[in-house]
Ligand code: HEM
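To begin, one chain is listed below as structure tokens, in the form predicted on its own.
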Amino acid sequence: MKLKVVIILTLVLAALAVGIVFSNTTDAVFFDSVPWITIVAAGLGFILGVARALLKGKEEISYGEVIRHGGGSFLEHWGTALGIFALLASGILLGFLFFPGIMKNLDTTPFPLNIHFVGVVVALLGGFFFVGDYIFSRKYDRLIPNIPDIFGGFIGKYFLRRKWSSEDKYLSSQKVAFLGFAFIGAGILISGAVKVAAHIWPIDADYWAFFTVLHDLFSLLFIFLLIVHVLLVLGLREWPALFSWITGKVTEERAEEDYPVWHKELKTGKRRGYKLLGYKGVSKVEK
């Protein structure tokens, strides 16, 4: 498991490093010369995600530990995150909305634009890997909150300081955050796709300007949500959830205490059905 994670993260970091180095040694603008790579990255990520969903084994307790995040999860989470960090860094260099760009010599070097392109490719690979895996795993309630999750597990637990004992593999607060990231991410993806398309086909300047502003607004919202997300994780001291994104596992004791619904699923082999107003019934856990 550790070797698999190291290999995956090494490959992602190597891809970013190569892209950054090459971005600084070429006069070509990647968005103009090789825009099709973005489509390849999304398609490849989706296919690999589907393969992972169909081939991965079921979760189980082994020697007092539970693998909470496998190698594929590290690619989904950290691969996408590294791509996003490259996008944010290059976006700051380029400037957006009322924030002035740091680099003033865009006419002589496409470096920040190419870094943005590299970030897009890496983020699409990791993001669509997640989409393929998530859809074909058919465990949609893992990340989609219902009403009790929102009002009991998020508002009640963190703002009203009430007890909440229905945490699944992902905390109710994580599910709520996922909805926000998914909505904003979709806005960034769609508006960004129009901007990439402008490098291939002629698009009216007014439309391009509109989607540019839309892209920048969604990006600003994403930065705000990311900061809030990190501060909440650190401030609320959800250390087991945080460290499991590094080690990949949690102890059975910690799983039973922090994720009782998931722990019961692991012990019984049965899974609760999803309802908007609550969880009802159980079903056999599929491989």
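Because the structure is predicted, anything quoted here is derived from the model rather than measured. Just count from 1 along the sequence shown to find any residue number.
The discussion below concerns the form predicted together with protoporphyrin IX containing FE, not included here.
- Task: Examine W245 and determine whether its closest non-hydrogen atom to protoporphyrin IX containing FE in the predicted complex is within 4.5 angstroms.
- Result: Answer yes; at least one heavy atom of W245 falls within 4.5 Å of protoporphyrin IX containing FE in the predicted complex.
- Item | Contact label in the predicted complex: P148 to protoporphyrin IX containing FE, heavy atom within 4.5 Å | Result no; P148 lies far from protoporphyrin IX containing FE in the predicted complex.
- Task: Report yes if any heavy atom of S166 sits within 4.5 Å of a heavy atom of protoporphyrin IX containing FE in the predicted complex; otherwise report no.
- Result: Answer no; every heavy atom of S166 is more than 4.5 Å from protoporphyrin IX containing FE in the predicted complex.
- Query: Can K157 be called a contact residue for protoporphyrin IX containing FE in the predicted complex at 4.5 Å between heavy atoms?
  - Reply: The answer is no: K157 has no heavy atom within 4.5 Å of protoporphyrin IX containing FE.
- Query: For this chain shown on its own, do Y170, K195 and V233 all sit within 4.5 Å of protoporphyrin IX containing FE in the predicted complex, going by heavy atoms?
  - Reply: Yes: each residue has a heavy atom within 4.5 Å of the partner.
- Looking at A41, I67, L226, A53, which is the one with a non-hydrogen atom within 4.5 Å of protoporphyrin IX containing FE in the predicted complex? If I apply the 4.5 Å criterion carefully, the residue I get is L226.
- Item | Neighbours of protoporphyrin IX containing FE in the predicted complex among 164-179 [non-hydrogen atom within 4.5 angstroms] | The stretch 164-179, when checked against protoporphyrin IX containing FE in the predicted complex, contributes Y170, Q174, A177, F178 at the 4.5 Å heavy-atom cut-off.
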